[in-house]
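One chain follows as structure tokens, the form predicted on its own.
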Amino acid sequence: MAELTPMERVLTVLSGKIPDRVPLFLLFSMYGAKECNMDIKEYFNDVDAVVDTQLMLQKKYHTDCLYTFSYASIETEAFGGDTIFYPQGPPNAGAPIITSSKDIDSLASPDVASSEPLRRILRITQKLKAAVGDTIPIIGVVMSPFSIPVMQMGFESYLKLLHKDRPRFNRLMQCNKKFCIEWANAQLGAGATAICYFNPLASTDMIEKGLYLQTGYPIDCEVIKNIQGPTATHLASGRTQSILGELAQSGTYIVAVSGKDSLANIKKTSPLTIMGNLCGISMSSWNKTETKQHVKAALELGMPGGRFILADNHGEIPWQVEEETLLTISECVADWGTYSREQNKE
């Protein structure tokens, strides 16, 4: 089989067919600032720097996607919140924008078009699309309406709301749903190929499965149905196995798998394309031999039958990961991730 473009490779996998090799998604956000030796906050505010660096990283590491994600709290910035930046770590949300459950009564869904942080992401998306056309998938990101309240009001306060004040929980979800759908579709309209749907609270590592199915799951199904393009559900390193059947029925195309999950078991049971499951935290301390061992193990478990994308399990390459480690991952995919001619005929 002739070498495919990244877009052709990913579409082949999503169709259930066997590509020339396993697609590789190294999801670079703040790591771009490290590569171009910039302050993280300065980097994310410089549209051209992000675009140029994304294109450079894709060529350097031979990855199969471009990634417009900056940091999760950019969405709470649209609601009027702020972000705390760190020298070598992911930015975090500042003080909650909801300090009392009563604040939910007057909370309004922000207008994407009038939010400068969101417009910045749309400009990045447009410029990447202009640069690569339909040759490389461009991945946009939204937070699930069910998960974003952890940043909007804090985890403890949100759990209390979820258990004790369903009317206000429902109102918050209506507000967040409207925003999430508008934000996802704006990114698709700007040129994103697909949306990474971050939803860590769907994992049973975070809350009980029954509670999620009763509250968050119907919301996620409704939102995914209204996003006008394919989605990849990502639990941000949360375990997936116990909720896999429900995720498969949600309308999503891809599910990201935790490093804590059994890739072998998930491959046996999931009808979805699987993305994962290299642990980004552990990756920060791997030497070359360890890197090869982890990549080889993931490929051996994930490759059979196709429907597999090799990636980190969190959706963000940590700053502390060494360049040699990433280059070794890329080299291993080139060496061991190619499907045989017989498989390509299937």
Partner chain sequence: MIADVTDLTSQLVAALKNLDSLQSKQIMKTIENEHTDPYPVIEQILIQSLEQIGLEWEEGTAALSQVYMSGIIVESLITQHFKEARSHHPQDKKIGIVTLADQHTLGKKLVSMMLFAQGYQISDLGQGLTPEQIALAVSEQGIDILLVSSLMLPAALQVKKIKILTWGFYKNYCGWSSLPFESTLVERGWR
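Just so it is clear, the structure is predicted and the values come from calculations on it, not from any experiment. Positions refer to the first chain, counted from 1.
There is another form of this protein, the form predicted together with its partner chain, and it is not shown here; the text below is about that form.
This chain is displayed alone, yet in the predicted complex one of Pro110, Gly251, Pro200, Pro90 has a heavy atom within 4.5 Å of its partner chain; that residue is Pro90. Checking Val132, Cys221, Leu159, Ile97 for any heavy atom within 4.5 Å of its partner chain in the predicted complex turns up a single hit: Leu159. Although its partner chain is omitted here, in the predicted complex all of Lys164, Asp205 and Ser285 have a heavy atom within 4.5 Å of it. Figure note: of the listed segments 44 to 52, 312 to 320, 296 to 304, 57 to 65, the one touching its partner chain in the predicted complex, with heavy atoms no more than 4.5 Å away, is 312 to 320. Although the partner is absent here, Arg239 lies within 4.5 Å of its partner chain in the predicted complex, judged by heavy atoms.
By the criterion of a heavy atom within 4.5 Å, Lys260 is counted among the residues contacting its partner chain in the predicted complex. Although the partner is absent here, Leu213 lies well away from its partner chain in the predicted complex, with no heavy atom inside 4.5 Å. Of the heavy atoms in Cys36, none are within 4.5 Å of its partner chain in the predicted complex.
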